[in-house]
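The chain below stands alone, shown as structure tokens; this is the form predicted alone.
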């Protein structure tokens, strides 16, 4: 791509301290203008946004850490839009947690993933290249891209979601699936998102102006609509870990710093770093390298932790350490790996109890994701208070 320096370091560092230092710089220099500049797709390396999503997704950094840093140089009132963006990802995850059938239908409707052909629409072809090469697209570009994919090119939203799933370095089952559904008019019935040439011209600073190339008057396909019943409210009981002896903790891509989070529990934990290189094998080379680099850094930082790549290896390690309890990151919809009845029963057969640990951030927020984002948003100040952020 003409505006990417291929000799430059990758846009996403994998050392936690560097990620936090980069955000400290962003917070002191750019966060004050975030609400005015965030909707502009300025192109690689997207200096007007934080690019924290790959790390929040894997919890290499936590929402609490990010907001505490942001508040060192800024007030809560000046950070309203930034805080809302942090909570959007939380909201999507909570919403999907209450409606697991939505994701099951998406997976069952999987119709393959393929690289889009050149379309002649310069902005669209540019974003395709950018996503493949950098693992990232600005959020506004994601919306335009999805709209063009569905309404101009006539492709299914499912195939578009699959393409993003394989290439986005910050892919999240909830944000990606529900974002594509929202563009297609399936989140709010018939309310579709339409990419318009004038809007693209404005928010790309006139870099692109696809006048006459887009379907700017699409219609909603009523045949795609399906009503989903909301599941029962999420009832998560926080375990009393102080009573646990002979306990191990697994850290993996669902939560790479759960061991640090649990350090406040003041119990001695034996640790295991888990990474299955065969899981979701369709991921791009860029995403796979990012994940493997994160894991290698963890292995270097935590030399006393066991490294496992299969469930069988985890079971063998837990038995050899004579563990009675094994703590895993809580697995939300779309992230299920260990949280299956078969594996839990395998552990129980070895007299090991699995504990799936949900962070307070999610535990407090998920129950409020039962409706739209605007009712959810009314609870943000209370949720900040509950998380000790003020």
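All of these numbers come straight from a predicted model, not from anything done at the bench. Positions refer to the first chain, counted from 1.
Below, we turn to the form predicted in complex with a small molecule, even though it does not appear here.
- Here the marked residues 271, 275 and 318 all miss the small molecule in the predicted bound form; none has a heavy atom within 4.5 angstroms.
- With the partner omitted here, the stretch from 86 to 94, 227 to 235, 296 to 304, 117 to 125 that lies within 4.5 Å of the small molecule by heavy atoms in the predicted bound form is 86 to 94.
- Site annotation in the predicted bound form: the residue of 361, 325, 328, 34 reaching within 4.5 Å of the small molecule with a heavy atom is 34.
- 171 is the sole member of 151, 208, 171, 163 with a non-hydrogen atom within 4.5 Å of the small molecule in the predicted bound form.
- Under a 4.5 angstroms non-hydrogen atom cutoff, the small molecule in the predicted bound form has residue 137 among its neighbouring residues.
- In the predicted bound form, the small molecule sits beyond 4.5 Å of every heavy atom of residue 248.
- None of the heavy atoms of residue 185 is located within 4.5 Å of the small molecule in the predicted bound form.
- The small molecule is not shown here, and in the predicted bound form it never comes within 4.5 Å of any heavy atom of residue 106.
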